[in-house]
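Take a look at this single chain, the form predicted on its own, given in structure tokens.
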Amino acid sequence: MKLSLHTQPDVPLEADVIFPDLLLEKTVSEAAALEIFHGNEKTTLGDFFTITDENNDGTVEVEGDLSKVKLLGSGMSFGRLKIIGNVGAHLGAGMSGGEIIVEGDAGDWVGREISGGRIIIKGDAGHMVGSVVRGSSIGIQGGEIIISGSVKNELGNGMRRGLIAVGGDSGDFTGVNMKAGTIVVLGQLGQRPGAGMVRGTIISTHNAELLPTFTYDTTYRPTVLKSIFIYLRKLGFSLDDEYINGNYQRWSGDSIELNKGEIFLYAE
């Protein structure tokens, strides 16, 4: 099934019905009649999208400037959602399986509280990628979020399991309150990475200023990092051999918690 945006929303459009689990069971007319919210007003999918019966391979394709369209792929458990253009906030919220590919930029809260599946962003993303919702303590519990560009603040806030990889820079508080899992930032970390982290791993191919509650352990060549980088290269990241085979400083923290988290910073 293919959806093409024909009317640009004036305010955010909550289109949480756009995910393979639901749409692949519908006819074109049934899909067009699905209710969504334009701001606080009820409307239908057909009021904003032209829908055609294409891609009968388990893929839902959506195209257009979707920067004001929220909650695409929310709750999906299988199939493939391909987005051609920029997309709004809460992409893939709570998803447990399947794959989302965005050929553009994404807004805030990409992959919040997911438990499985894979989200691939070819451009940049906003704040709170792979994070907990406000008022909760546990963020993503599995799956992968792969971003070619840069992200903003609080990447992986409260993360418990899974992998988040960023090809560019991250904002402040990367891995804040992290419980476990792995975050890789191939660019520059923002301020206060790992603040309040309990366990987990943050990796950067650049140096960074860490909080005084982190302690330097040693500099060595971790085998596990090489395995992670080779995997990311297979996913399309451009990684020089010097980073794959290089030495990394290992820092332990945050000592205000269990002091069992680790941050690896490229040394040489």
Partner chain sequence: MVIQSTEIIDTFAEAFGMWAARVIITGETPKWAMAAARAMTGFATSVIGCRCEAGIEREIPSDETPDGRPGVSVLLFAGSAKGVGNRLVERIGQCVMTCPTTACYNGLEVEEKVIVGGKLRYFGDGYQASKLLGGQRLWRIPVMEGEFLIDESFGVQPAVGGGNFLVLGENLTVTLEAVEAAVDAMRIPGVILPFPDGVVRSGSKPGSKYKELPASTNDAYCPSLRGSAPKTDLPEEVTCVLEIVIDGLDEKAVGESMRLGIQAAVREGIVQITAGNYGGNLGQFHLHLHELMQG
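No experiment lies behind these values; they were computed from the predicted model shown. Numbering follows the first chain given and starts at 1.
Keep in mind that the form predicted in complex with its partner chain is missing from the display, and what follows is about it.
When you look in the predicted bound form, the only residue of 181, 171, 196, 79 with a non-hydrogen atom within 4.5 Å of its partner chain is 181.
Checked against its partner chain in the predicted bound form, the residues 37, 237, 243, 231 give one hit for a heavy atom within 4.5 Å, which is 231.
Stretch 220-228 is the answer when you ask which of 25-33, 220-228, 64-72, 38-46 has residues with heavy atoms within 4.5 Å of its partner chain in the predicted bound form.
Although the partner is absent from this view, residue 201 contacts its partner chain in the predicted bound form, with a non-hydrogen atom inside 4.5 angstroms. Though the partner is left out of this view, residue 163 does reach within 4.5 Å of its partner chain in the predicted bound form, counting heavy atoms only. Using a 4.5 angstroms threshold between heavy atoms, residue 113 stays clear of its partner chain in the predicted bound form. By the criterion of a heavy atom within 4.5 Å, residue 99 is excluded from the residues contacting its partner chain in the predicted bound form. Contact with its partner chain in the predicted bound form, defined as a heavy atom within 4.5 Å, is made by all three of 144, 260 and 264.
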